[in-house]
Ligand code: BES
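In structure tokens, the next block holds one chain alone, the form predicted alone.
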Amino acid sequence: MEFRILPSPEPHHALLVLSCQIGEQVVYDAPDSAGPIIAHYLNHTVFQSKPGEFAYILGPDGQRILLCGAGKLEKCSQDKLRRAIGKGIKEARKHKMTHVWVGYPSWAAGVLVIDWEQLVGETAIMANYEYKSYITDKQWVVGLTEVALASVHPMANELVRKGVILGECTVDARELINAPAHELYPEALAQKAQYWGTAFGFEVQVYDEEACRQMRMEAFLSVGQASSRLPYLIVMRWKGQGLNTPIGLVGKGVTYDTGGLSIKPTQGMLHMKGDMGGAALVIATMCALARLGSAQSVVGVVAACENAIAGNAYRPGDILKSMQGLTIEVGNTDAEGRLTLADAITYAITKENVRAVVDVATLTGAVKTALGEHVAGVVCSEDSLYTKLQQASKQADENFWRLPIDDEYRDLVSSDVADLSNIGRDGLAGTITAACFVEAFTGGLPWLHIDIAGVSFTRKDHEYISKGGSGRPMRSLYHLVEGWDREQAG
């Protein structure tokens, strides 16, 4: 998709006009040629500019206008602007339009957290994406080829480029999550990371099963030992211009999860191709940091494997030894992601000397029960880390909720026969106890844990996120890393 900065639309452009309601009046900014057409439409039709409200207006000279509502001005937000833009992009696709011009809504200047140009670039890329790789009849597939937008910003092109890159990296994460497990298995995920590392300039090192065994990663390797697909540890390094000590991003990389011997029901397995959502986000974030030339040094670590079933599968009751040295009683083989994170985090700390750990994982069904599909659960070691994440989330319009952690919860993952159990007692506080288990391997470093089991995959279309892998919260991760030291200094 091509992006251009144009003060006014050209004849082949469909116009995407954002509107809001002030009092009883619908307010919008439109080119002189379109203003009277919209006014005439509003005078003869009930249009209140409610969030998600849409009108397709055809002018007498064939001019096509997409009027998208963003709600009442006093309740407007940057996310509602995104949704209005996304609605317009999706409607343009539906009406087989290929060229769209997006007008700047002057009435919305007060609600923007990021620059308008970046917002349009991000949102247009995300809204234009659908996963249809296996649909054989592609006659219906129409995507935008050009988005033009009005701007007087002296750095408009650079800002659009930033938005496009963040949008494209979100789409890359979605593609990984949506890919079926027979196509995206541990080795294939490692190859994707290597390809993007070469393309965008970050270093990728892949450790095979024997190398992981040499590093005593028994917890990680136990999860993958029943699969015919071999496990791989994927390490990505971006050396920025800032502090030499990197931030560690660790993503859960279980490319398919049957639940192991604690087997899931069929419906529970249907979307387990996306159980590597954390890995997808970490890989995509590394791509974004490299493409945008981040000053931060970052190491991304993914322990990639399949949790399968065979005669050599690890069992409930087994006692595993982690790379760190802590022993783990297996209470449930479907609590496998935390086992892979344990060794991946230990690797990041002991081999890459990271100064902080951010882990991202589709870790618990409990977080989906608690928070649904639009808010990710967070557990962290310091208030300042959650503040950083909140500030990042405002730029990305992605949602988080912090959960508590204390010794009462930590006691729930104790074991009578090992240092830890991989499952909490009595099914209590599933998201928090999973985080308590992960915390035991963080070595006292600043630590932020994000459980994305609810937000990683969506079952319905969103204005700028289609069904399937969402790519959330990749953009928040990017802004978190970018603002890490700046916010710390502040």
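Bear in mind the structure is a predicted one, so any value in this text is a computation, not a measurement. Residues carry their position along the shown sequence, with the first being 1.
There is another form of this protein, the form predicted together with the named molecule, and it is not shown here; the text below is about that form.
Check each of 334, 115, 209, 398 and return the one that places a heavy atom within 4.5 angstroms of the named molecule in the predicted complex.
Spelling it out, the residue with a heavy atom inside the cut-off is 334.
Looking at 453, 450, 438, 66, which has any heavy atom no more than 4.5 Å from the named molecule in the predicted complex?
Contact with the named molecule in the predicted complex is made by 453 alone.
Kindly indicate whether 257, 272 and 362 are, all three, within 4.5 angstroms of the named molecule in the predicted complex, using heavy atoms.
The answer is yes: all three residues contact the partner (heavy atom, 4.5 Å cut-off).
Does residue 320 reach the named molecule in the predicted complex, with heavy atoms at most 4.5 Å apart?
Judged by the heavy-atom cut-off of 4.5 Å, residue 320 is well away from the named molecule in the predicted complex.
Would residue 366 count as a contact of the named molecule in the predicted complex, using a 4.5 angstroms cut-off between non-hydrogen atoms?
Judged by the heavy-atom cut-off of 4.5 Å, residue 366 is in contact with the named molecule in the predicted complex.
Spell out, yes or no, whether the shortest heavy atom distance between residue 338 and the named molecule in the predicted complex is within 4.5 Å.
Looking in the predicted complex, residue contacts with the named molecule include residue 338, since a heavy atom lies within 4.5 Å.
Taking any heavy atom pair closer than or equal to 4.5 Å as contact, tell me whether residue 423 reaches the named molecule in the predicted complex.
Yes.
With the named molecule left out here, work out from 326 to 334, 384 to 392, 179 to 187, 215 to 223 which stretch has heavy atoms within 4.5 Å of it in the predicted complex.
Flagged stretch: 326 to 334.
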